[in-house]
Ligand SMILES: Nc1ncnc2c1ncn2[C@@H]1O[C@H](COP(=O)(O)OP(=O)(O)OP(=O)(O)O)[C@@H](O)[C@H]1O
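Heads up, the chain below is alone and in the form predicted alone; it's given as structure tokens.
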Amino acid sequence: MLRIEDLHVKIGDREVLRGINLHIAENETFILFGPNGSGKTTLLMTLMGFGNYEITSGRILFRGQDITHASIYERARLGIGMSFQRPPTIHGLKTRHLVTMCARGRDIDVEGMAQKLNMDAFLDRDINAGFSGGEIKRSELLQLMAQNPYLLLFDEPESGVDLENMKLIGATVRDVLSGGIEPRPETSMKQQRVRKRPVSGLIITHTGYILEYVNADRGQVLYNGHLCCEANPRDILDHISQYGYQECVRCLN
């Protein structure tokens, strides 16, 4: 699904990512841990194609296609979707309209998808205007469900979310990563078909709460722009909880 080869990325004059090598298979969920400032969000933004992140060497392959210099809209059309940690408020654009645009002409049941996320009351409100942290995360998930991408990038899905919202968000993330069920108009749940298509995920997490809901396959730590310590994500989380990131520093040294 995704292959990153010797990726070096700069923001301004500062090198943030230093030789990243990472692969994610079809139907695989990968967890990325790391302290603040380690380059985790930079990696996701680079994968999505944002212009402030300059690739100085290396390449990114998505489903066998080199997208190293592809634009954001090209990557989205190919099937990469991202849930942002702090998405902007967009005045004058209703949530309903953005969700419909994300579907790109596909026949989706916007109301049914919104009800699943308790977002039906927000469909006719401007994007993220006055939304709480949990409501913003649910709005992001609603857009991803409509987009139906092959690769889902999640930047801190637990950030700013209370426990009640975390349960719903965690369960929805799990569903979309497992293929989920895509509600369609005028069909009962029994008539709706489970999607038969490869779906992979890359999730950034600080707290590890998402692991209560998602069956992640592999994990690594990103520290000071370098990847290290590949292991079972739960084992990594337990080790970080007990020792912090100091063992990663020792390992890199």
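These numbers were taken from a predicted model, which means no experiment stands behind them. Start at 1 with the first residue shown and count on from there.
Below: the form predicted together with this ligand, not depicted.
Enquirer: Does at least one non-hydrogen atom of G37 fall within 4.5 angstroms of this ligand in the predicted complex?
Expert: Looking in the predicted complex, residue contacts with this ligand include G37, since a heavy atom lies within 4.5 Å.
Enquirer: Even though this ligand is not shown here, does Q220 get within 4.5 Å of it in the predicted complex, heavy atoms only?
Expert: It does not: once this ligand is placed as it appears in the predicted complex, Q220 has no heavy atom within 4.5 Å of it.
Enquirer: Is the gap between E156 and this ligand in the predicted complex 4.5 Å or less for some heavy atom pair?
Expert: Heavy-atom contact with this ligand at 4.5 Å: present for E156.
Enquirer: My question is simply whether T68 lines the interface with this ligand in the predicted complex - judged by any non-hydrogen atom within 4.5 Å.
Expert: Flag for T68 set to no.
Enquirer: Taking I11, T42 and Q85 together, does each of them reach this ligand in the predicted complex with some heavy atom inside 4.5 Å?
Expert: Every residue of the candidate spot has a heavy atom within 4.5 Å of this ligand in the predicted complex.
Enquirer: Taking this ligand in the predicted complex as the reference, which of V16, L237, C229, I24 has a non-hydrogen atom within 4.5 Å?
Expert: Partner contact (heavy atom, 4.5 Å) among the options: V16.
Enquirer: If you look in the predicted complex, which residues in 112-147 sit within 4.5 Å of this ligand (heavy atoms)?
Expert: If the 4.5 Å heavy-atom criterion is applied to this ligand in the predicted complex, 112-147 yields nothing.
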